[in-house]
Each structure stands twice: as structure tokens, then as C-alpha cells.
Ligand code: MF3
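We begin with a single chain expressed as C-alpha cells, specifically the form predicted on its own.
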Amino acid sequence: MVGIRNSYEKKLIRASGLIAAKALKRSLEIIKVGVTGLEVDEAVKRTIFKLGGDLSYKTVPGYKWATCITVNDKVVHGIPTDRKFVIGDLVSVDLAVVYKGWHTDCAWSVLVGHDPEKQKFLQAGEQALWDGIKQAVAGNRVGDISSAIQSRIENAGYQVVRSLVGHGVGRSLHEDPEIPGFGKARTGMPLKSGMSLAIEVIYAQGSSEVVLGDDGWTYQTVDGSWGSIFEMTAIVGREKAEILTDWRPIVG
């Protein structure tokens, strides 16, 4: 069942989203040469706890970290490690927060250093995310979000990972509906005002196929090409979506 959030529930999920946004901002601030994924994870954990939230990923059986951190050809669900970031690394941070029973989910990818081709790759993913979120309005369908994401990614010369999808989010970390990053406009479940969605852009430089790594968690590209993720939690609106986890406007 897909939940429609009332005014009280929206207040709580907004509070959860603000904590997630601040934690995501903190993670991006400290990613640089010599920093490890474990250090980023610890900073995120401290931020979430300080703001009164808890770790949503604790609800995933067997997972004990605050974040998933992936680098270069890794795509999603990466376990934070003590590997130090180096110039040229593409680093993705995926995190989720639960606050008073309400979950929000977000992710962002950044480049350590400067590389025009890798920056172009990241720009395509970010823009695809905003394109998808623009379609999260009442009267549209899930396929409108999916089609917008797919068009941006493929027009830039990259591929959407088809085996991993966005999802509803709220009382649980993962809820209906599934929101693929590919699809046909005007198809799929109708969107209604008040739905809370985790819209995800999961994509690769080369092949769209991914494989599960030896750690049993991390998915990586089958051909060793770059992979990245951009994700925001948003509430479907009548005229435009309300983004709950946007870290960019946060000051301080």
C-alpha cells in the first residue's frame, strides 16, 4: 500500500529529511584526499545522533553502518572502509535517517580533485535527479519520473542501472511503489499529492549491468566503468514536489 501523508505526518517526515540533509552536507564537506569512508561514516553518525535522529540502515538485517559509501566502479550499498580517498576518486555517499518513526533516504556523488570527463558524468546524474523530481506532481505517473531520468542519462551517453530502483519511503525505509530510473512516460502508478518518494538516479559510464561483490553488499559495474548515485526524498505536490533532503540550501 502506498501511503498518503497527512499534515502531521508531513511535519515528522520533514524533520527526518532535514536531519538527513544536514548529515549528507557534513559528509560532503569532509571528503578529500586522505580521508577514509569509515571517517565519513562516523561523521554522519555523529551528526544524525546530535540532531536527534537514528540510523535507518539499522533496520536492514545485518547492516551496522550509518552510510553506504562507494568509490569509482562501485555503484551502491558499499560498506565504508579504511581505504583513503585519492585524487580522481568518484565518491558516493548514501544515507538514511529515522526520526520518530519516519524514514528519509538520500545520496550524492562527488569528485575528489578535478577531471572534466568525470565532472560531466556527475553533472548528468545530478540533472537527471532534478528532471525526475520535476515529474513528481499529482496527475503524473511513476513512468514520467522514470522516463525523465532515463532520457537525461542516455542523452549524455551513459546507462541507467536497471536492476536497482528508487522507492516509496516513510514509515519504513523501503515502501511501494518502485520507481525505476527507466521507463515510458504516462505509464505506471498514478502519483497523488502527499506520497513520499525516494527518487534515485543509479547509473554507469558503460554497461548498465552490475554484479555483487565478495563482501555480499557492494554492487559494482560489470565492466569496471564508473558508477554513481544521486537520490532525494520528496513529497509529491499538486504543482511541484517538495524536496525534503536537499543539502544545498543549508547554511552552517
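These figures come from a predicted structure and were not determined experimentally. Residue positions are given as counts along the sequence shown, with the first one as 1.
Beyond the structure shown, there is the form predicted together with this ligand, which is absent from this document and is the topic of what follows.
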Within 4.5 angstroms, counting heavy atoms, which one of the listed stretches 206-214, 186-194, 53-61, 39-47 is next to this ligand in the predicted complex? 53-61
Only one of 167, 141, 152, 74 comes within 4.5 Å of this ligand in the predicted complex by heavy atoms, so just point that one out. 167
Does residue 175 make contact with this ligand in the predicted complex, using a 4.5 Å heavy atom cut-off? no
State yes or no: in the predicted complex, is some non-hydrogen atom of residue 68 no more than 4.5 angstroms from a non-hydrogen atom of this ligand? yes
Any of the heavy atoms of residue 94 lying within 4.5 Å of this ligand in the predicted complex? yes
What residues of 223-246, in sequence order, lie within 4.5 Å of this ligand in the predicted complex by heavy atom? 231
